[in-house]
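In the block that follows, a single chain appears as structure tokens, in the form predicted on its own.
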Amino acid sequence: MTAILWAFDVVLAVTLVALAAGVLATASLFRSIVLFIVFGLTMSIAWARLDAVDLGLVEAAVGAGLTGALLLNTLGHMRSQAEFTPEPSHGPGGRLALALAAGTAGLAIGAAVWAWPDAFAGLGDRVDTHLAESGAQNPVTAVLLNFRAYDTLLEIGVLVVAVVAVWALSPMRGRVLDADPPGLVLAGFVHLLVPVVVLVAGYLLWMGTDAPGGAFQAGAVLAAAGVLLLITGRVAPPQLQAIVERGAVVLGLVAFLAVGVAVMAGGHAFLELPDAWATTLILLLESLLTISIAIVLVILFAGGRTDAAHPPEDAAP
């Protein structure tokens, strides 16, 4: 490592700590959210420096992008309520206790990493040994869609449960996204940007088997296009009343379960992909997962269901 890269890594680590402290210490919710988004983007650079490009892409798209948009959207709806008042600051004592707790946890994690036995090399060698028969050249994709497909199955299941919970607990009667009509510049920008975003999502999906990328990265990028169309009024908030809409939410989960059961008919274990069909099945699953993930993230951004039969509570009679 050159001196320039070493200095860059030191600055990057110090910046992450400073941003994390700023997120926790600031009394302004808006400033805290902005610092959180910057922290996520900086963390994506840190993952890239650790050669974990897949995690860096997810952090930038989901951790900073869509999560930041969700927080800003939530803050906007909270401020639109007349009874909303920001919670008071915890004061110096509370901040000091929070800092001590976070510092203790950080030291404990650092000590655990430092004490990690050198003789234990992990499972990287085993993944590399069986990579050729996994159906993917990217080891991350091979692990998530073949070697440990249960993890991905549970992750998409959690997303579906989250959508059910949001729609069950958040009936937004008559509420729509309060967005002003886009101006000429914004409308033109959206018109040019959305096709590019869709193209980038397709590229990440296609390259996921051989290089960093995949369904979660592609789905998050595709969801960004949907959020952009949503906040500019180009599309209406999803209603989840049609069978097609509800089917799209569970598409990835159902496809995963269907593939797992189908391979059992050929004498394999659940989600044990046959070597001859592994590449095709992985690409099929990733494509369907991309659609489900994108739709789920857009629905979570929009919030609960909109009941058009009930007028908004603050609407004039």
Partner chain sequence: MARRERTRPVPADAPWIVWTVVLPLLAAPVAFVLGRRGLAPFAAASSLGVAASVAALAWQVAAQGVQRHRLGGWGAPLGIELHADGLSVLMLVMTAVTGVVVSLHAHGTFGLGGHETREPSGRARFWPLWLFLWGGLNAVFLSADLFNLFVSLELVTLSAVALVALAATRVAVAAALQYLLAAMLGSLLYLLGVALVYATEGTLSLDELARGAPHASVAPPALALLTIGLALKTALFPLHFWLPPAHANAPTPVSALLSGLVVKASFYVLWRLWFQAFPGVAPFEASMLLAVLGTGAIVWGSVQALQATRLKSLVAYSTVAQLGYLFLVFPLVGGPGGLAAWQACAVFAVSHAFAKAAFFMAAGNIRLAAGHDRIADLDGIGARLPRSFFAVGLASVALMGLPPSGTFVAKWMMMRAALESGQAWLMVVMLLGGLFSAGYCFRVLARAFTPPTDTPLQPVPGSLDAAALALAVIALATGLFVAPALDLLAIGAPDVAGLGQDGPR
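The shown structure was predicted, so the numbers you read here are calculated from the model rather than taken from an experiment. Rigid core (definition): largest C-alpha set, two forms, superposition within 1.5 Å. Numbering follows the first chain given and starts at 1.
Keep in mind that the form predicted in complex with the partner chain is missing from the display, and what follows is about it.
By the criterion of a heavy atom within 4.5 Å, Pro117 is counted among the residues contacting the partner chain in the predicted bound form. The partner chain is not shown here, but in the predicted bound form it comes within 4.5 Å of a heavy atom of Leu273. Within this chain, Gly122 lines the site of the partner chain in the predicted bound form, having a heavy atom no more than 4.5 Å away. The partner chain in the predicted bound form is approached by Leu253, whose closest heavy atom lies within 4.5 angstroms of it. Taking a 4.5 Å heavy atom cutoff to the partner chain in the predicted bound form, the contacting residues in 246-267 are Arg246, Gly247, Val249, Val250, Leu253, Val254, Leu257, Val261, Met264, Gly267.
Leu98 shows a C-alpha shift of 2 Å or greater between this form and the one not shown [criterion: core-superposed Cα displacement of 2 Å].
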